[in-house]
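What follows is one chain in structure tokens, specifically the form predicted alone.
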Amino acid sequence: MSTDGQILLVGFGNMGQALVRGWLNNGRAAASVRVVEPAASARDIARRLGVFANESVAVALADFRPDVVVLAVKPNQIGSALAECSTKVDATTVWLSIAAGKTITALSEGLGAKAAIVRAMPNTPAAIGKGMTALVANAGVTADQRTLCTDLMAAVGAVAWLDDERHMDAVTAVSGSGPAYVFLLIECLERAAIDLGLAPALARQLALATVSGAAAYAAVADAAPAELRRRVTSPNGTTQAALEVLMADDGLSGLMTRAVRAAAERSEQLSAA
């Protein structure tokens, strides 16, 4: 990743910590990052990583001019964060928000119509560098700023840019909430294995290894998931017996479609609130 640019990170919870670790692991200098965080325990973690941390924006920016302000606070804290930061940074700064549900329009209300704003939706696996982040920018974001934001989020996983912010609700439903669906699949496989008489520890090992291994294989395979499924399904075999249940009219496909649609609709409602 590029190591250019100075970063003010507002909020140092789980995602903020994952980002900083990713940046440092990818060669970014600790001196190029400053953290604003009210919790003393979280500030202590930042300092142990060699990163400046303070509870005050004014102190953090006293002798520091960020190229990007990363907003990693909870959605209900975004208003106060914008009010505290917006008058203390240059007009050339880009704002990268990972506050769930906060639209570019909502952010513009606190920053002004001319502010360069990027909205991002990372997901939980970012904590281990395996995340998926979708980003969308307003018209004020320059090509260099897009590159900077790409580099920052790529430190914790894959990155994709959207052309239309309206697609962010679908992204939220698929990749933002998606890890929970996979955790449920693991949980269900584990429970089914136990019901068939396997020991709980073995059931969990089988479920975890099967899901993680299949996902890793699909990621590098030369075929679409549907083709991979066909390749491992022998006629009249055990896999076919299971898939006849999962692919029935009331099976997994329809259930997943309804679940993702429900998540997308809820995301849209929260964004409009």
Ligand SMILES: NC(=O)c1ccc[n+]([C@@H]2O[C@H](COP(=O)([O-])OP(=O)(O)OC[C@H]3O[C@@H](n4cnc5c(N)ncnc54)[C@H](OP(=O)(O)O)[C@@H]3O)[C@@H](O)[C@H]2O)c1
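The first residue of the shown sequence is 1; numbering continues from there. Note that this is a predicted model, so its numbers are computed, not measured.
There is also a form predicted together with the named molecule; it is not shown, and the following applies to it.
Here is the short version: of 151, 84, 165, 190, the single residue with a heavy atom within 4.5 Å of the named molecule in the predicted bound form is 84. Contact with the named molecule in the predicted bound form, defined as a heavy atom within 4.5 Å, holds for exactly one of 77, 103, 138, 147, namely 77. Among residues of the shown chain, residue 73 is one whose heavy atoms approach the named molecule to within 4.5 Å in the predicted bound form. Proximity of residue 93 to the named molecule in the predicted bound form falls outside the 4.5 Å heavy atom cutoff. Shown alone here, residue 116 lies farther than 4.5 Å from the named molecule in the predicted bound form, counting heavy atoms only. The closest non-hydrogen atom of residue 22 lies beyond 4.5 Å of the named molecule in the predicted bound form. Of the candidate stretches 155 to 163, 194 to 202, 139 to 147, 117 to 125, only 117 to 125 has residues whose heavy atoms lie within 4.5 Å of the named molecule in the predicted bound form. Site residues 10, 14 and 36 are all in contact with the named molecule in the predicted bound form, judged by any heavy atom within 4.5 Å. Taking a 4.5 Å heavy atom cutoff to the named molecule in the predicted bound form, none of the residues in 225 to 253 make contact.
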